[in-house]
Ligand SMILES: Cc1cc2nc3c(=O)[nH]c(=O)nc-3n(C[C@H](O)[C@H](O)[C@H](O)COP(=O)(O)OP(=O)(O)OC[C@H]3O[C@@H](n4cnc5c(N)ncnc54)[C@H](O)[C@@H]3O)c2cc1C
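One chain comes next, on its own, written out as structure tokens in the form predicted alone.
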């Protein structure tokens, strides 16, 4: 068998996907007319193979029964790094014992619903903490810019094995959706338990010595997969002498436009097209709502879009009281009338004075507290400060705000005045640059909401590049976003797999 490539119209590509075995798909909006690039599986004579042909999509995983396994490993955190580490340990006959500070995914949903209704934040169960990690309820995108060593395709295959749609195997920017991902996470949990692994929810690890009381085996590898928002755990590690260092990160705002405007800019080059007409509606029905990826340089620092959510919602992503943090998510159909994206500015360690390895984390927290203060005029505890986009760039107050997907509510605020100058001024210039590329992007139909501060960890837990163990603490395997070695669901999952493989190699 071989593959063949096709460049098709959206309609032609849609029809081909219903008939042929597609192995790669991407939307090309660079030319005047939208095109879809398909790579399809073909037979020896070059004919496309039927979608329902009896050809295995991939080799399924084989999980061993570890109820009576001699070897075990502790995992702290049930995000993608922790879960994929646990699944990999099962494949090698090692019992995973997983501790998660938050709740299982169904109970976690209830706490998130309360948060969206301004009925209170549970510091241990929210958009950041709980089964599945931060990505479970903030979009479920499976796209990564990471060039990490490892089998990224295997990550996609495991997601598919546990219930993700076929598209995750071939879409260039695969997406599951926050409405579908919880069921997949639950399937992973049930597999781990069925094969003899353990998962302990609502169990927060407050010290490394606590692990010896939880586990009877004195010499057990520990996979540390805590996620980028576990600030209290970072402080515990620092107090116990685990090596930490400041790393570069990014902060900014969420920008939200009407999705129809983004579709027009990206798919139709800004042409004045009737969004109720057949050309527009058919295009969207075949290829879905448009996304974008924007990047520029301002005064020596990157300004770029992050976690773009077409047809999505802005959500409250804080994990501590009296702070305001926002993020974005989309359901599987990506069919809300809004498009939002993080718009962030690169921050290097030298941009923050001092030598405290936690100074980047403290910088994040200070801006999150300021954002909360700016929205405190509202009686809604999860409200967020906001400003019309063009007003922000022009340095003007917004007399009112447009409709916004952020359910807890937004409050008019002068973000142009209270954001740190090296962030605010770079964002203003960045938006001007983006408007030059896509005229119409800079509009008062759009709103910015603050703050987007958890795009990545501000701390790294240094590890030996060969063993993946902490440079200061033997048998401690820091991995994923919280360790500073990943940036999203797929790269975190891959990092968890790699940590588990190192443990398996110890035998």
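Only a predicted model underlies this, so the values are computations on that prediction, with no experimental measurement involved. Positions refer to the first chain, counted from 1.
Below, we refer to the form predicted together with the named molecule, which is not included among the displayed structures.
Q: In the predicted bound form, which of the stretches 268 to 276, 427 to 435, 350 to 358, 197 to 205 has residues with heavy atoms within 4.5 Å of the named molecule?
A: Result of the contact check: 197 to 205.
Q: Check, residue by residue, if 134, 233 and 488 all come within 4.5 Å of the named molecule in the predicted bound form, counting heavy atoms only.
A: Yes, the whole trio is in contact, each within 4.5 Å by some heavy atom.
Q: Hey, in the predicted bound form, is residue 383 touching the named molecule, heavy atoms inside 4.5 Å?
A: Residue 383 lies outside the contact set for the named molecule.
Q: Does any part of residue 388 reach within 4.5 Å of the named molecule in the predicted bound form? Heavy atoms only, please.
A: Residue 388: no, not in contact with the named molecule in the predicted bound form.
Q: Report whether the minimum heavy atom distance between residue 413 and the named molecule in the predicted bound form is within 4.5 Å.
A: Although the named molecule is absent here, residue 413 would stay clear of it in the predicted bound form, with no heavy atoms inside 4.5 Å.
Q: Answer for residue 129 alone: is it within 4.5 Å of the named molecule in the predicted bound form, judged on heavy atom distances?
A: Yes, residue 129 sits close enough to the named molecule in the predicted bound form that at least one of its heavy atoms falls within 4.5 Å.
Q: So which of 90, 307, 105, 115 reaches within 4.5 angstroms of the named molecule in the predicted bound form, heavy atom to heavy atom?
A: Going through each option in turn, the one that passes is 307.
Q: Give me the residue from 226, 324, 419, 223 that has a heavy atom within 4.5 Å of the named molecule in the predicted bound form.
A: The residue in contact is 226.
Q: Considering only 239 to 267, what residues come within 4.5 Å of the named molecule in the predicted bound form, judged by heavy atoms?
A: Residues within 4.5 Å: none in this stretch.
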